[in-house]
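One chain comes next, on its own, written as structure tokens: the form predicted on its own.
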């Protein structure tokens, strides 16, 4: 896979998740960051840092992006969310518009 087909999402702790750009575009916020006109760092570098989102939550968000793509293509499976992650995950999802 070519570098321009991937996006690097960086958690508050500095952990990097390299995911398909198509998956990242599930988030309206990330889509706006990567496709905005002008010379924004996110658009040029293909990486987005989330200083307020922990590694655990960002990992779950990445899993959701891929699940969402599969669901949109007709593959209906459950997406399990651990109860202890629910509040943080809801706040992150609200920010990311997912």
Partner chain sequence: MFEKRSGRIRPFREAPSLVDLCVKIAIDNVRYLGDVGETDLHLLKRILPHCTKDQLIHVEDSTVGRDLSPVTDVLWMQFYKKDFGEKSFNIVVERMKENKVTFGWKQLYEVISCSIKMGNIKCK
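Keep in mind that this is a model prediction, so the values were computed, not measured. Numbering follows the first chain given and starts at 1.
The form predicted together with the partner chain is left out here; the points below concern that form.
Within this chain, residue 14 is remote from the site of the partner chain in the model of the complex, having no heavy atom within 4.5 Å. When the partner chain is considered in the model of the complex, residue 10 lies well away from it, no heavy atom lying within 4.5 Å. Contact between residue 64 and the partner chain in the model of the complex is found at the 4.5 Å heavy atom cutoff. Using a 4.5 angstroms threshold between heavy atoms, residue 70 counts as touching the partner chain in the model of the complex. Annotation for 82 to 98: interface residues with the partner chain in the model of the complex are 83, 86, 87, 89, 90, 91, 93, 94, 98 [heavy atom within 4.5 Å].
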